[in-house]
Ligand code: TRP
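Consider the single chain below, provided in structure tokens and representing the form predicted alone.
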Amino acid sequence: MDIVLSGIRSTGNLHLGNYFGALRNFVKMQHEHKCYFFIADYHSLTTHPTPENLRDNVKQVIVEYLAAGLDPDVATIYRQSDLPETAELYLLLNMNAYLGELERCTSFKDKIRTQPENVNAGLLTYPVLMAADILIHKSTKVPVGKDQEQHLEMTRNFANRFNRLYKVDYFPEPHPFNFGDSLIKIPGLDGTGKMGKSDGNGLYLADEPDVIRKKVMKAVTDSGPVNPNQEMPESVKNLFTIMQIISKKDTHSFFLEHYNNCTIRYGDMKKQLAEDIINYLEPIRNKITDLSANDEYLQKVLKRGAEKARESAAKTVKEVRNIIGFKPI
């Protein structure tokens, strides 16, 4: 059985792209593999959140994880900062991570460009902390997007370097978890690219019905087709893609036929799509509301998750310390 690890930064709400892109697969995976899901609040410190934001964002993520179907009785769900062993392994791995390879990291170069006023050491060593998150449980599979593949490659480098340096076969090589055909990509409402937090084009699991209606009605379209052979623009394709995933098959077919007949009314399509999204998300939104009001239960989930995660983490750090040579005189 593979040991699967996945983390999400504690930067607020999850959107439909997160849900269809990974969360639905996580719900299935937790019954098929030994899974660790963590909230990466250490990682969020690279952007200097306020104490209030840090706490509220962690709560929002754990609430939405649970509302989407992750089961704390099956998987291990924990907060990164509840594992001090992660910080220690991060320190030990940093001793064998070199400046040149960290500076060449694509995500670090991007951050230098986008936040030149805050180029901190945490950004530089971000891949090492990510490696510690993965290696602390000796994980073998990690669901990652394209933007994280380089970090996972660096994790393999750090693991192999440790094994070579200390002449052991201790850390396994983690590899990307491939969801295959079950991975669904949700486009944004702005007519370009995928749905994302930073792009302002997302529909969030916790959005109220009126918010969803406003967002969908503002979605980018065009003036409409003027002949049956006209190529559909990207923005309109995006709406049809979302409708194909969310709405009933005959609803999608109805509007597609009207598009091909050059009789489509985008306003009607958007109204229908908005209501279908609202209905689809209603069970999750209701769970989010209930869980958000139950801090005692959330604390129990995180406490239990930390206890389960520390069993694995403490064993790893103890063995790593012993391999390095931290032993009684």
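In this text, residue numbers run from 1 along the sequence as written. Worth saying up front: this structure is predicted, and the values here are computed from it rather than measured.
If you look for the form predicted in complex with ligand TRP, you will not find it shown, but the lines that follow are about it.
Student: Looking at A67, M269, A40, C35, which has any heavy atom no more than 4.5 Å from ligand TRP in the predicted bound form?
Tutor: Contact with ligand TRP in the predicted bound form is made by A40 alone.
Student: Just to confirm, with a 4.5 Å cut-off on non-hydrogen atoms, which of M130, M243, I77, L203 contacts ligand TRP in the predicted bound form?
Tutor: Of the candidates M130, M243, I77, L203, M130 is the one lying within 4.5 Å of ligand TRP in the predicted bound form.
Student: With a 4.5 Å heavy atom cut-off, would you call V142 a contact of ligand TRP in the predicted bound form?
Tutor: Flag for V142 set to yes.
Student: May I ask you to state whether F177 is within 4.5 Å of ligand TRP in the predicted bound form, using heavy atom distances?
Tutor: Because no heavy atom of F177 falls inside 4.5 Å of ligand TRP in the predicted bound form, the answer is no.
Student: Is the gap between I136 and ligand TRP in the predicted bound form 4.5 Å or less for some heavy atom pair?
Tutor: Because no heavy atom of I136 falls inside 4.5 Å of ligand TRP in the predicted bound form, the answer is no.
Student: For N94, is any heavy atom within 4.5 Å of ligand TRP in the predicted bound form, or not?
Tutor: Taking the distances in the predicted bound form, the answer for N94 is no, it never comes within 4.5 Å of ligand TRP.
Student: Only one of 169-177, 231-239, 208-216, 122-130 gets a heavy atom within 4.5 Å of ligand TRP in the predicted bound form; which is it?
Tutor: Answer to the contact question: 122-130.
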